[in-house]
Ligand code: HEC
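Just one chain follows, in the form predicted alone, and it is written as structure tokens.
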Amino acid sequence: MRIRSFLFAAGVFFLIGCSGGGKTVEEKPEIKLNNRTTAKEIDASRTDASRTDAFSYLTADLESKGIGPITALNLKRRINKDLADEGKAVYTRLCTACHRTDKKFIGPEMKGLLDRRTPEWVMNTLLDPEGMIEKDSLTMKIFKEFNNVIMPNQNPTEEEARAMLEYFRTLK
């Protein structure tokens, strides 16, 4: 069932991406995002031609903790290699159907994730993606940016989510 859903979603993305729809490309407006940068500055700083979104999942929001059970999380400065290795295994098992570490795919890339999001936001997204889409404005924007494809809840334990977070810390 999961494979059938994945293949359907991949087919839809392929058709949407290849259709073009006869649209012309317009210059993006100058929009301030979180008083940190502008959409034009984000596009100008990119080297990957596939990253041309006005609002972008790449836009940093290091204040939002999201909606969910994780309200505070203190990470040690040093990465726990054993925990990160465990997190990589969990990520590979649960997430690679839709996510790549280094590029946008069906879902956002994970490389540099903690340069863009708080650890609490990441954990809440992993633990309750449906709740985050319903109640968190940043998640709603990202959801729309990825053609309203809902991140399926893989039901990781809090320990598995924490291990994935540690793995994401290694992706710089």
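Everything numeric here is computed off the predicted structure, so don't read it as measured data. Note that residue numbering follows the sequence shown and begins at 1.
There is another form of the same protein, the form predicted in complex with this ligand; it is not shown, and what comes next is about it.
Engineer: Do Leu126 and this ligand come within 4.5 Å of each other in the predicted complex, heavy atoms counted?
Structural biologist: Heavy-atom contact with this ligand at 4.5 Å: present for Leu126.
Engineer: With the partner left out of view, is Lys65 within 4.5 angstroms of this ligand in the predicted complex by any non-hydrogen atom?
Structural biologist: No, Lys65 sits far enough from this ligand in the predicted complex that none of its heavy atoms falls within 4.5 Å.
Engineer: Quick one: does Met164 come within 4.5 Å of this ligand in the predicted complex, counting heavy atoms only?
Structural biologist: Judged by the heavy-atom cut-off of 4.5 Å, Met164 is in contact with this ligand in the predicted complex.
Engineer: Just checking whether His99 would be counted as a contact of this ligand in the predicted complex - the rule being heavy atoms within 4.5 angstroms.
Structural biologist: Answer yes; at least one heavy atom of His99 falls within 4.5 Å of this ligand in the predicted complex.
Engineer: Does each of Leu73, Lys88 and Leu171 have at least one heavy atom within 4.5 Å of this ligand in the predicted complex?
Structural biologist: Looking in the predicted complex, the three residues Leu73, Lys88 and Leu171 all stay beyond 4.5 Å of this ligand (heavy atoms).
Engineer: Which residues in 99-119 have a heavy atom within 4.5 Å of this ligand in the predicted complex?
Structural biologist: Read in sequence order, the residues that approach this ligand (within 4.5 Å, in the predicted complex) are His99, Ile106, Gly107, Pro108, Met110, Leu113, Arg116, Arg117.
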